[in-house]
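Below, in structure tokens: the form predicted on its own, a single chain.
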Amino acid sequence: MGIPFQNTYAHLPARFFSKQNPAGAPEPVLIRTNPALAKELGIDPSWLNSPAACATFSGNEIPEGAEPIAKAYAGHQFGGFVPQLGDGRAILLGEVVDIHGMRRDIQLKGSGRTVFSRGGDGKSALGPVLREYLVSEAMHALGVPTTRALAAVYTGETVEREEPAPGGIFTRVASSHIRVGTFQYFAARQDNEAIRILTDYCIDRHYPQAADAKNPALAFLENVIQSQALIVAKWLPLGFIHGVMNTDNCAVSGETIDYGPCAFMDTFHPDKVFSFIDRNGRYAWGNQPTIAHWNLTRLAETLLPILDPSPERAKELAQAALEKFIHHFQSIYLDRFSKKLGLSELLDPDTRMAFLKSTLGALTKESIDFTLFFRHLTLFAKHDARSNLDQMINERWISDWESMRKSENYSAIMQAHSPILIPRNHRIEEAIQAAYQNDFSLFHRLADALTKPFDENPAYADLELAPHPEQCVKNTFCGT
């Protein structure tokens, strides 16, 4: 019973982390656990609802085999470099090797002050815990590489934010919590030995094929570039905005991490921003590919000393690797949107890209709900029923689309890439506000619905709907 912990990161040199026990919670209550994920991690699902599980997920007991640590890292936050950040409100309990042979971290988020808290309380309000649970599990169901949710706990205490709020702890599972900012932490200290140790560790854990390359460090960089291009190319066709793509929120594993002020768009606009602190739109929907490349450039800078003994040659290698990002990104981005639109594969990429740009332009001009547009387009392709589509977009676009769509029935592929359900901002906010009144029914219903976002289910038809003007959520917050 319990969690079969291992601790490879905690056995790296001491300067990589600080040993740190969680603060615990006065009156913890398990809100939700994830039996399917537990089974995948080799954890008995029946254990999840035990007193021992509640004690573990609240930080009240250190389970056998765990070696709790707070990781050190740095990062560029909205373009400005901070040489020391670290886990200020998160503690890594340890690792497990899942049933597929993959090593996964288990981390408590909101578990109390650490040496990296920088004056903060290290706690989390319950709202961000519920938001991250819903969005991370939705992203998994949508087919996007992501961290996962194992448990959400109400701590039984109040935390002070803009106003007092109930506290919570989120148990997060990740392939690892190593970030671009982790490399930057050691680069800022000119600790090339640590950069090499960290690179070797990441190769062994995430990209073992790179170990056999002529230049393993370069192969590692190339793999991270490709994995980051993949996730951003999957975000955009879903209308997802990360909200805070700082280098400390960019995981070298290629998973989406840190769902703070994130959101899925309702009405489409490429400049859409939700994060309250992103005043200049740095991390807007349409800027995310450019920012991903910028973050990867920062990673490449940290690796220069180990890419090649010659500084000039190292720069050449890094630049050549970074130039591949746009190809990786565009090929996946165009493929995803082409499938959402049902475009014929006989069309050349330039023609498909031009049509995609015109489509996004039309959605912007008409302020069309992004998810509902593709939902009704799929229904039209399936049933040849135009009524709802006619109300959303002009006849000329429909005529152009019909000339470019595949001649045979392509609606099944369109539906597989156009979700019916997304975690809409107003639904998440409703669930959070109800939870603050000790009603978790909306949260559980939304979590259940989002496990199958592509399925037709009349029981969840109301969750498909766009918000009324008074329901729109204009700002999201990171919760610190």
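From 1 onward, residues are counted along the sequence shown. Because the structure is a prediction, the values reported are computed rather than measured.
There is another form of the same protein, the form predicted in complex with ligand AMP; it is not shown, and what comes next is about it.
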query = Among 229 to 237, 338 to 346, 150 to 158, 85 to 93, which stretch has residues with heavy atoms no more than 4.5 Å from ligand AMP in the predicted bound form?
reply = 85 to 93
ask   = Since exactly one of Thr267, Ser117, Thr199, Asn223 fits, which has a heavy atom within 4.5 Å of ligand AMP in the predicted bound form?
value = Ser117
key: Proximity to ligand AMP in the predicted bound form, single hit among Arg131, Lys123, His376, His206 (heavy atom within 4.5 Å)   = Lys123
ask   = Just to confirm, Ser136 within 4.5 Å of ligand AMP in the predicted bound form by heavy atoms?
value = no
request  = Report whether the minimum heavy atom distance between Trp285 and ligand AMP in the predicted bound form is within 4.5 Å.
outcome  = no
inquiry  = Under a 4.5 Å heavy atom criterion, is Gln184 part of the interface with ligand AMP in the predicted bound form?
reply    = no
ask   = Does Tyr333 make contact with ligand AMP in the predicted bound form, using a 4.5 Å heavy atom cut-off?
value = no
note = Contact check, 232 to 267 vs ligand AMP in the predicted bound form, heavy atom within 4.5 Å, ordered by sequence, gives Asp248, Asn249, Asp258
